[in-house]
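Shown next are two forms of a single protein chain, provided one at a time as structure tokens under the names structure 1 and structure 2.
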Structure 1
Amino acid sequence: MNSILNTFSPLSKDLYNEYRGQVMIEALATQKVLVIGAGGLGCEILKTLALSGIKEIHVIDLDTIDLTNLNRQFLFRMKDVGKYKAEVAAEFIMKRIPTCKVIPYTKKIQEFPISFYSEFPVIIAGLDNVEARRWINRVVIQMVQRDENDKVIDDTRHYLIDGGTEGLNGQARVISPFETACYECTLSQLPKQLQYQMCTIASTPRLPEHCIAYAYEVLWSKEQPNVKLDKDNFDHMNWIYQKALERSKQFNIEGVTYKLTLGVVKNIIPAVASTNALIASICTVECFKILTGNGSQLNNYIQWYGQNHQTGVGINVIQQERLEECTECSIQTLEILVKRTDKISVLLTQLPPDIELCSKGQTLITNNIRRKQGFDHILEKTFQELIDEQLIDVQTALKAFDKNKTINVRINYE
């Protein structure tokens, strides 16, 4: 890695070429990166970051290690089953690479304040669900600050690198708030979850999946009305498999297997270690380029096809466009005229219900009934008092947000 940081590159940023060499090597050693997720993809990302010279990595994952993880999540061993993934991964890496400090967290990402995320110039997400991706996407957008001319202050921009894998296919993307399309901009492009019509399942099954779905959706509740289905219980899943097999024979349908039964019931897409390694390497390279300025960063979405019936193995880079109507990165600006002697509570009368008003990454006041009481002491303060206490800045817009939108609130003083 040191040899790379010593090399001049016409594709790199001017700042990198000016300070390449020992200065850049020392600068990289001071950077810290946040990784969200320590599963199949997360393990690979953590390993690759540590081997790339990142000296401090923070990792969030509240899941514990299951026996089924061991075939591809290589940082874990049999003795680790039942332990927290983040803690075991951190211990393993620091043992192998003593110069790398890994700090684990075993809480939900929503439990951390925005100020926590603002510590990291780059956040890498190896998540397995849409809602968590939407949430962290909102966080990186909320951290951006603007100057008095409503221009983005570059130093407040934090990058989100999002990776994901499905079997032999995978994707990675770089989200630079207000420069590239955010996750919300492309939400409509996500494939819909596969569902089967009940009439087809019950009356005219044609696929092995239909037989499995019938056993799962219909027969279990009918024949086991007092037993809650446990998708991790072998006896329960084997019962579904056997019933689906009987139905498939009744309709002369081939292809019902226990593995397929797990896939239909648990909506599992087989995880492939080599795909995780490939996507993790792309995420790490993009992180390295952002932190050092070495090379042109991805603009802004890359797809890896390890199994495509039309094109075979291949890779595709797409520049996704920002959505003008995006509820996250197409932010409305609201200007409000007040006196410095006014109490900040006057803002709540001019903002939508359930809104939270933030300053410097922290919630200042809120309209949310369940949380409002905790901010009563702020509501009684005047704007001048908040300025004197450095809770707000005269020239910086505040951010108001709820579950549907974000608003830049620019305060003008009489």
Structure 2
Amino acid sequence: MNSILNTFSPLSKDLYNEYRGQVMIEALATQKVLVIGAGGLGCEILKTLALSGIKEIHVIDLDTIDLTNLNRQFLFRMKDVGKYKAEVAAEFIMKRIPTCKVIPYTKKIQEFPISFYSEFPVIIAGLDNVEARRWINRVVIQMVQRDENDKVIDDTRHYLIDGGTEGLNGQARVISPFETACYECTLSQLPKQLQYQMCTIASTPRLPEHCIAYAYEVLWSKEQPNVKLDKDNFDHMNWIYQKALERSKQFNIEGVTYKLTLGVVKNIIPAVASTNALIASICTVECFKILTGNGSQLNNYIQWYGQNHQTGVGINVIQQERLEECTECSIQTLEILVKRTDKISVLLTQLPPDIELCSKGQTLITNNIRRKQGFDHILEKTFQELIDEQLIDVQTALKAFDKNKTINVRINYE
């Protein structure tokens, strides 16, 4: 480790060469990293961080261990099936590498306040769904604060590193809010989910998948109206399989199996240890470089195709561009003139409707009707009172979000 924390590096950032040596070694030991997801990517990320000089890792995952995780999530054993992933993973890492502290959480990421996330300079996400990725992307954008010149205050920029895999293919990206493309900027590039047309499923099935989709999307609700389908319940899945098989025989279609039924209904994405290892480790290398200034940052998206019948492997590094009209990270500034003795409810008339206004990560005005009561007391306060309570910083622009964009609200006092 020491050679990449000590020695002069002509190919690294100034940050590194300025602080290399003891300062850097100590700094690295005090940095905390947050890992979201303790699954295929998460297990690998935890191991690699722990062996890269990180001494404190926090990990969030509300999932429990399933038998089919064991072929790649190498911190889990047969005896752990049913237990919380985050807890088993944390315990395993600390036992193997006692110098590293791992703190597990078994809650939804949405249940943590922004102040929780602001403790981590880098957040690494090994997630399996778009919604959670969008949510954490929004968090790193919301944490950014600006000085009086509208320049991003360095300490408030938290990096998000995101990885994903499918079969032998995968990708990793580094998101530096307002500097690189954010997750939302590139949302339209997501591959469309394969969907079967209802008329095909219902009247002209041709593939075994069509029969399974019919049993799952039509027959279950028709014949079991009072039972909620549990995709992890063998009896439920077997019912769908049997119905699909029946239908396939009726139409002379071959190929309905229990395995295929699970694949279609659960939308199972093939997963293997090797791809998880390489994507997770690329993410970890990026994290290490952010924390130490080593090398230069991945700019900003790498695609790995282990399945490539021309060259064996296809590797693309793409610089994804920020989207001008991005609903999360486009910048629009609104200047508003008030008196310090005004109540902040005056903003309600000056801001666009349906807007959420934040200061230092704390919501001042909410666009959510159900939660409105809780914030009424803030609306009644004057700007001076909020400044005194340090809820508003005179120097810093407030942040406003609506459905479509982020707006920096600069309050000027008369």
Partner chain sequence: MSSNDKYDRQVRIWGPHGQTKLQNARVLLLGCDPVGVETLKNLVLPGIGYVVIVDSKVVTESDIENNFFIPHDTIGQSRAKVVLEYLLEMNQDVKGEWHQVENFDVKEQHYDLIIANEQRFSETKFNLIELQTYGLVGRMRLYSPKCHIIETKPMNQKYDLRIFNPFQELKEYFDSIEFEGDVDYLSHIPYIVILYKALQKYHKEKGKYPSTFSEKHKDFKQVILSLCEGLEYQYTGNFYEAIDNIDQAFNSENWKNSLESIEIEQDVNEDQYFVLISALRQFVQIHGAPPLGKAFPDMKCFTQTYVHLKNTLYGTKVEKDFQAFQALCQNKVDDETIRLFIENIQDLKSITYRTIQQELQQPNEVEDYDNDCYIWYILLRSVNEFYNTNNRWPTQEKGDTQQLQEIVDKQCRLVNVDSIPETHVIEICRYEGAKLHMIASVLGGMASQEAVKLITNQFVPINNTLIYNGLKSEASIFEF
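Because the structure is predicted, anything quoted here is derived from the model rather than measured. Along the sequence of structure 1, residues get numbers from 1 upward. Just so we're on the same page, rigid core means the largest C-alpha set that superposes within 1.5 Å between forms.
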Could you let me know which number goes with the form predicted on its own? 1
Exceeds or equals 2 Å, Cα of residue 230 between structure 1 and structure 2, core fit: yes
Honestly, after the rigid core fit, is residue 210 moving at least 2 Å at Cα between structure 1 and structure 2? yes
With both forms fit on the core, is the shift of the CA atom of residue 221 between structure 1 and structure 2 2 Å or larger? yes
If the rigid core is lined up, how many Å does the C-alpha atom of residue 261 shift between structure 1 and structure 2? 3.4
Students should find the CA displacement of residue 251 between structure 1 and structure 2, rigid core aligned, in Å, to be 6.9
